[in-house]
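Considered here are two forms of the same protein chain, supplied as structure tokens in two stand-alone entries, structure 1 and structure 2.
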Structure 1
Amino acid sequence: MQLSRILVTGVALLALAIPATAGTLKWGASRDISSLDPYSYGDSFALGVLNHAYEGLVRYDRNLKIEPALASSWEIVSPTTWRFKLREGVKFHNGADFTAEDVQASLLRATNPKSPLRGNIPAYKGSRVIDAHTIEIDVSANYPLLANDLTTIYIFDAGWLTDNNAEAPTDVGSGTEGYATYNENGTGPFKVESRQPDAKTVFTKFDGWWDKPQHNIDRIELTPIASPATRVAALLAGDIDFTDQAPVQDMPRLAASPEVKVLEGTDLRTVMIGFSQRDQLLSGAANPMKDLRVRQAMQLAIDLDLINKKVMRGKSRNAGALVAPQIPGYDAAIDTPVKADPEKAKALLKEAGAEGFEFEFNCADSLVNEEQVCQAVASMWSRVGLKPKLDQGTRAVQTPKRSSGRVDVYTLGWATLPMLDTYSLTSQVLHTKEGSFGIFNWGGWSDKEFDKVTEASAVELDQTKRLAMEAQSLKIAKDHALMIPLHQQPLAWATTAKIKDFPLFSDNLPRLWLVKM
């Protein structure tokens, strides 16, 4: 593993040494995408990267409001049917015309029972082509969030899928690959020119894009640079032009450089800790975390203020709720962070007969300072007598374990993307795993009271009532300690001075088609 990381870093640095052409933006990311297939895993970073090549029927604008994309307009024709008029004159990167048949094929692929993205469109019941530029989509009764869902259901060319035997979805978690894993054919502002996994992915401007370009970029070079220190050095040296993961500990240094522009904010993403609710731990021992007192004790052992000060350099926002304040459904009344109380934690563990139990703590590398956060939390648990075994690995290594339920305790960051609504969390993370629900319920939760309220919120068209139901779901989650909220992580981007206009988005997704160099 160590040798592999050294080799990958060496390849990445060699790629940076190649001179850039005019209009080239070099993006130094903290990690790579796992696939060119946007349906292969519901990861917002990968979907954000691939949104430069693929597009949905709708998209978010500069203010994160929904606007038309491949659909020019839409209407709700009945409580269960939406009709979309499609934009005419759109071309795929291979020159094929965009029609309703492409939307139909894409919807069927995204909602396939084996699709990792099916949770992004949970209310889908069916669809039908009306004519070449009209399609109707059937949803669960009174479902109000379809347009939000469709922002990341990117559209494939139906003929391209058929010709390349790619109608079936791929799946990063299970290792299922296909033609779309390594090849691309979208309608977006950029097309993939080349890809070397874990080294460099190159996008070039698509001259046939339907929209009026607001950018002046000819080429994007995405290079994964896992080491924060190496990313900072590359930015200061001008070897990269942009990073969406500027280390918080280096922000003062970057801000002091006349050659660097720092963009800061608070991410929509809430970082949290989840528990297995299966009868046994990975070791085969009985699982004490099924007891509410044990979960509460594990929460009381964590000092959020210390993590904020020492690990996050004061840049994060301590969380008491599982969604950020900007997310519809958020309730300030429950957003009170739990204060650390190690003595009470010890007492609860003793009362539950769970003193000193051993468990695996699964951590990845996709959250801000995730390794340091996990080390700090593990140390705090050790101080109350618990025995966490830290399992730290890359996202590529940890994802299959998580998606198959091979975890005891794990980290999760959730920004409610693409829906930008509390229902994203309640339906995909906390609801019982069944059908399109609970796709990211890695702990095997099943709370019937919670499920009932969540399902009711999905069909409530009165927004005030719906948001009240979502707030109720969040309160149940807090009262039952379904997960431990830690913080909303800092949003820290940095560019070189040659970038003239780079809009910052609180969903932490760069939209380079809006960037001016």
Structure 2
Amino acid sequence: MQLSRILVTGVALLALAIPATAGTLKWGASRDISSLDPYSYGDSFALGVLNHAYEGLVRYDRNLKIEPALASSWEIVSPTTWRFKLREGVKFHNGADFTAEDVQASLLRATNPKSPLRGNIPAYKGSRVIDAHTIEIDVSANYPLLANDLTTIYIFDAGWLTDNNAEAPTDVGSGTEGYATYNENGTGPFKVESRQPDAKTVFTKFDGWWDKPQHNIDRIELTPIASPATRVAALLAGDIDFTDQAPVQDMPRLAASPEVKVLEGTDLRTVMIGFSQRDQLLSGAANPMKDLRVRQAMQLAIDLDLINKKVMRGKSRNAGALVAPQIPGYDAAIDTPVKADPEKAKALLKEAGAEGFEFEFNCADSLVNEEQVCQAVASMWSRVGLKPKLDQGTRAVQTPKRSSGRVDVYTLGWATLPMLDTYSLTSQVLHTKEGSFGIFNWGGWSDKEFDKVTEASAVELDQTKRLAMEAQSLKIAKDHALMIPLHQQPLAWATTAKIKDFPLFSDNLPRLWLVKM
């Protein structure tokens, strides 16, 4: 006891010796960003982090509504052309002025064939500089969602790109590093001071920011801590001030601590289960899941309440629809979670002649407690007599199997990012796989009725009509049990008590320029 007191005093003295770091926010994330180049990897988390240094023409506000950022206003001048008025007096971190040339260079870079961000701006056709602060962007006819798409197309300084030979995104195949991988020059509220990959990335306040700062942070230190338990320990010890991934099982402990504030909500990400609709299963047997009754039986076997209570600690929101309530196109009428009924499930399976069939259940590791959710679902299916074989692996291992269709049953989490519209789900996940549609249609199903409605919603500029169409397509998906919705994931952030105002965002992307310490 005596020894421990001496040691504690010693540690306290050491802590005093370090100069007080006023206005430093230490962010303990679950993983690191892979690069400082926002066009390096189409990854929502990295884009969210880099949004502190780089900005797009538009951005999401506190309520996730689109608001002007580097563009001050915009209008649709023809079915194929949008005109953006750019904000004047904006400076890049290197002091250069922001002009229409920069927007054009950035759009070119983002839509370069090597750019992984191309899919984020699918309707883009070209752009024209009108004057220093006006630019016109051409899109496919009547495309309604360009502003949504532009939220993640961050603007680079054209001159800086040219000077550093970085007009095109980094090509991993070429074997040479890109300048933008290590260096940053955006217009955002913070600039990158230093970066040690997988250890620490430091952002400092940019004094020349065009917007009036609502934050009082001088410095952000982003440290990846992969182990959830370690993250919790670090937060409790005050080694970090904030984490955007607090494990749900540790929330009670965090909430009980006077040193910590928890911020809880529901993520926009809906977790769902998809089925193969091919004629054969991976084992070569005929695929009984083409029968609607089998899919319904599998849905009835799953006890959402139990998963919510035990695996998600009551923090998730059971889902009946495939999108979260905040997403445009959501319809409360179809968002009724299916009640578990194992007896009926068994009866349906018997009726369809599919009792006890064996299938692969492909699970990854990127969703909240995904491993546990998958095991729980597999166990529930086993209890109605099915024989799921769990195939658990990291996302990198599972993605190739999924995108090449080597799956029977799989999990998917879809948040409709960055578009924040049902169209993201209907066009990419549920539409028949053809052209730029159905990229995530891993089950390979095709529903003509569904496709028709979805395609119509893509060229409808009238918001009310468009949303009605999207709701209709969600209804079709539900009636045909194309996918089983499980829940919206819990959003679990936690900060130390010294942080005064920390707005929670349901897209799970912290926006620290709105934080007061």
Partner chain sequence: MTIVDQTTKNIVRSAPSRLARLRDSDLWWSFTRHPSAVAAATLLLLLIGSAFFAPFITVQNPYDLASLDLLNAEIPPIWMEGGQWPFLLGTDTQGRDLLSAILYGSRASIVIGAASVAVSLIVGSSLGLVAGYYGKWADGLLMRAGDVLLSMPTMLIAILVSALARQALPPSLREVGASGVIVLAISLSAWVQYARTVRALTMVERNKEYVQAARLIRVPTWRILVKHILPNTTTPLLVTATLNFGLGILIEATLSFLGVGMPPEQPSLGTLIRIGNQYLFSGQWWIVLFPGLQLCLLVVSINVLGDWLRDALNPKLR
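Along the sequence of structure 1, residues get numbers from 1 upward. All values reported here derive from a predicted model rather than from experimental measurement.
Structure 2 is taken from the form predicted together with the partner chain, while structure 1 is not.
Both residue 263 and residue 492 are carried by the same rigid part as the chain changes shape between structures 1 and 2.
Note on conformational change between structures 1 and 2: two rigid parts, with the smaller rotated by 21° relative to the larger (from C-alpha fits).
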